[in-house]
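In structure tokens, one chain follows: the form predicted on its own.
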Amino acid sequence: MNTSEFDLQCENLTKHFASVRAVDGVSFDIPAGTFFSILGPSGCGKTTLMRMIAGFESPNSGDIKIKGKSVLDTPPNKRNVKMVFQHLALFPMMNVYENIAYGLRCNGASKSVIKTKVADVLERVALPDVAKREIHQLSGGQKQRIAIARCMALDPDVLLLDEPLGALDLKLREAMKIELKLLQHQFNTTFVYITHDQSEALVMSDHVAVMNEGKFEQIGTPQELYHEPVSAFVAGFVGDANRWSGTVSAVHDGRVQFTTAQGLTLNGINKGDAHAASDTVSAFVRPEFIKLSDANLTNTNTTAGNNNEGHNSISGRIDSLLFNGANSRLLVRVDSNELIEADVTLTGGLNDPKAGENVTLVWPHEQTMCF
């Protein structure tokens, strides 16, 4: 791909504060018109990275390119990059029209151009009739869209969004995930989205970079990060997972047998560096891959192994059931006192599993990811 087809490129970016490397040799390319998320825990360096892209921080080394041209020597107000903050920073003393028009006026646009631009972006964010409203008259979701409209009126090459949904209540946040994705398609502008919320990143993004301690652990599609994580950190941070630590007892053709600290013997697939006997292993299994065996057991023997060829099998007692309609979850307690999570679909019928029942959990070896 020609470099001009990338809206944003970062090359070996490094930023340190005294002895702390907030950003440590980060490189990535974002194709034009992409929704790209940077996902990581608090303190991993993602906001520092965004501030360098916006021009508010200078890197100690590396380069930042917008549309193929370095912007290291370009001040923030001259970079064609705009930013939406968590608290939006709308001007409360101005109405919606004046908020959106402000940047255009600062750029010297004529009244007719401003009028056309404001009308256009309000139409695109599906709020064509709110131009004369005061900011305090808007709902939380409407404020979000106006903050984006104010930026998009300036035709940025890249829009940076720093945890913009963090201040919203849960229901509105869920709705705004879909809205933001639709808005990105509407404007066909590159969105770079910073979040610690994996759900936001997975739902909205074309590509996601998982950041940890100043570095990118993995860049990929949401599906790649979820199903093919390259490290224990990514496997544990992206999506829900049952986790075990153990010691490898046997390795054969990429398959790993290991014994956990609680005494369970499990089989999995090697996902990281090649393992050998006596190595320590971290294993992850998604709850949706763990199924109830057809037969309920009459005891709680928790020996795990190959009761079904190619499957791990553990028996235990249902401790509790977390009801969430079709996406409900069982918590099954085994003799080691561990809780194993398994997703189930509940119909409301008599055959639904119930707390206190003895059950056997089974899942394929291939769904046990070992690092």
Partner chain sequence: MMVSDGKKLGLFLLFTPFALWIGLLIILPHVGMFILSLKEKVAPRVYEYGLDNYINFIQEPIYWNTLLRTGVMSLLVTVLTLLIGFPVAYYIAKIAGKRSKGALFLLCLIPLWVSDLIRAFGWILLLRETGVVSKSLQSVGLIDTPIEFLYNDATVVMGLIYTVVLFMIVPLVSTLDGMDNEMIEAGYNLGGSRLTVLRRIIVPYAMPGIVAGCIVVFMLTAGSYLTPILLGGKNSSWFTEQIYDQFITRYNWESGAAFGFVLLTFTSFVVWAGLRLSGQTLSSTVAKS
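Positions refer to the first chain, counted from 1. Just so you know, these numbers come straight off a predicted model, no measurement behind them.
Not pictured, yet referred to below: the form predicted together with its partner chain.
- prompt: Of the options H87, R243, K115, H227, which one has a non-hydrogen atom that comes within 4.5 Å of its partner chain in the model of the complex?
  reply: Only one listed residue qualifies here, and that residue is H87.
field: Options 259-267, 275-283, 127-135, 148-156; stretch whose heavy atom lies within 4.5 Å of its partner chain in the model of the complex
entry: Contact criterion met by 148-156 only.
- prompt: Judged by heavy atoms and a 4.5 Å cut-off, are V81, E98 and G103 together in contact with its partner chain in the model of the complex?
  reply: Verified in the model of the complex; spot residues all in contact, yes.
task: Decide whether M94 counts as a contact residue for its partner chain in the model of the complex under a heavy atom distance cut-off of 4.5 Å.
output: Looking in the model of the complex, residue contacts with its partner chain include M94, since a heavy atom lies within 4.5 Å.
message: Whether N77 contacts its partner chain in the model of the complex should be assessed with a 4.5 Å heavy atom distance threshold; does it?
response: So N77 counts as contacting its partner chain.
message: Contact with its partner chain in the model of the complex for R317, defined as at least one heavy atom pair within 4.5 Å: yes or no?
response: R317 lies outside the contact set for its partner chain.
query: Does the 4.5 Å heavy atom contact test between V344 and its partner chain in the model of the complex come out positive?
result: Result no; V344 lies far from its partner chain in the model of the complex.
field: Sequence-ordered list of residues in 46-70 near its partner chain in the model of the complex, where near means a heavy atom within 4.5 Å
entry: Heavy-atom contacts within 4.5 Å come from R51, A54, F56.
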